[in-house]
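One protein chain, two forms: both are listed below as structure tokens, the first as structure 1 and the second as structure 2.
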Structure 1
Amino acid sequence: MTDNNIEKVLIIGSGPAGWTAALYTARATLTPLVYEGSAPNLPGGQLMITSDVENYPGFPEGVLGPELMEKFKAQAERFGARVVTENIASVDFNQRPFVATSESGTEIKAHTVIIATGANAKLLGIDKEKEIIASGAGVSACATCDGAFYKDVDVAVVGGGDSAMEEANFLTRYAKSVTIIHRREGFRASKIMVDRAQNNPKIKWELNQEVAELLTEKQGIMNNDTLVAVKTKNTQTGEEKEIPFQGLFVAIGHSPTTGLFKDYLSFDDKGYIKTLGQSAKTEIEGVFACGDVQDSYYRQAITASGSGCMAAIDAERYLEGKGL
């Protein structure tokens, strides 16, 4: 911290981008303050709900997502990063130093802010979806978190990207069968992931289908609306049918977590924070963005980490340039 309780670097969000920004700014002796988030946000980001990470260099046998994030955090803390497990509720980028206010009302003044708030799972936007997700009664956006609850039953995964393929394969560890419901015949997923799913005897396919309705019955001690089947609609013919499933996993991509910044920054046509050229700089001098909140294209742990490093270096140079 500098004089008058002004932070040199405030990092909002954790995950590969936030922790790498923290590591680099900590090693530059800027003693960053990291607001790592708390529920409903996920400290550590999306890797906290991932199982095996096989494509992060340096781990030839793979590494569990949460374990990788613990290591990132420990490495940043080793060099002096300070961590608060709380959400930031609002920011004011019109003042300098910038002001951020936490959910418990703590006001933080900072010369630079690094935004690393990541992205959240997209939902289908159909009736009952959110309610059933909240009650855990048959719909989920996270196979890694909830897959084990669906032992020996028939489940479905919606989507045609790498996430859908990965989740479907993962779910075959538990479920009797896993049906991939996808609105087209072509896949956004990489060939290796599609091949793996196609070679898995427990995986079935419903292509050119979209989920039109969640069919439920009141079940359990809480008498919750519980998923018993899905009504699908053929995207070519409009024909509808009902398929019994006890679980539906939505794996249709993610939206960046940008709500806090909507009054201050510009966003691309997909809603991701715009950064300038090959940098982590936003249009506000001193505010930087890194990781999935500004990258709709690569969205990998390693690229998020790389952009966290860029944000740290940009922040460090900005502070140096301003004599701060």
Structure 2
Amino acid sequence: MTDNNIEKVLIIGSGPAGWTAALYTARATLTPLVYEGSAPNLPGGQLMITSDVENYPGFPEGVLGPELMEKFKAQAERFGARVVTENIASVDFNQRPFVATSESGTEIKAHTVIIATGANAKLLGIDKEKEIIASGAGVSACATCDGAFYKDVDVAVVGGGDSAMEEANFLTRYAKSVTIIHRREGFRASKIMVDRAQNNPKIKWELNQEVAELLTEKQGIMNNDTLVAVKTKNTQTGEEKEIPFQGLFVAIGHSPTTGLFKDYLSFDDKGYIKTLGQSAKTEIEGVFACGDVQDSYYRQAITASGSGCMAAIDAERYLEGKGL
């Protein structure tokens, strides 16, 4: 540590936002300290359970999510970022310098804190779901990320909100058909989004249905469990049926990882950290937020990286302005 054991920059979280913030602050000779997280939080963020990433610039042949995050981390470390593979258990933003305490009890004092704790897609919680997502073999929580892998096949979207309708419409660019599976007949989605989906000839409907089981076969050179069908259960009668699908997109919402900060920061109506204007600044001077923890709309690796850059520059300018 520097300045009587006070860090200039503490970054909580990793992923594209955290590593980019670390890279920029490290190159600015601020020697950031990164607490990248550990189980159950995922060091490297959601890309650590993503297989092929084809839409990140600079990788024309695509890149595996974990490989991309390793490159991000290595680049930040090259310029002096220090990394601890541990979770932060608590923070105190009422003190200056700020104080954070790790799960092992280490106390960290810092002049600035960059929050990059991300958000997790809500999943169905059924057998094989996480394994299939990790292998990229038929289940996804991001149509924008993975839709292009499902050209000319039948896919389904689970959900009844605006995100589900938006993802279903997006997937019709690629898929032969898209079926929306929803546990009720009514929708949380706005009328305009429902109307748009209902007017799309490639979208089908399975209402009063919930996904009960993922049916798979061993396929590919890795012999992975690959989705071939979905077993649904009628929420009114309990009747079950099997529907063949090569892809299932879970669109039931995201949960930003904000529990540490609930006593200090303001959140929008979806629970994401509010930032000020076109910046990464929060309402507390010296505390910044970037990536999916403050972005409920785009949720892409490239936009998370961009906001990580913003947070780093905002932190650098704050420290300079304070003579730190």
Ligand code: NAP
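Between two forms, the rigid core is the largest collection of C-alphas that superpose within 1.5 Å. Residue indices: 1-based, along structure 1. This is a predicted model, so every value here is computed, not measured.
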> Among the two displayed forms of the chain, which is the form predicted together with the ligand?
Replying inline: 1
> T226 and L123: same rigid part between structure 1 and structure 2?
Replying inline: yes
>> Angle of the smaller rigid domain relative to the larger one between structure 1 and structure 2, in °, please.
In response: 59
> K130: how big is its Cα shift between structure 1 and structure 2, in Å, with the core superposed?
Replying inline: 12.1
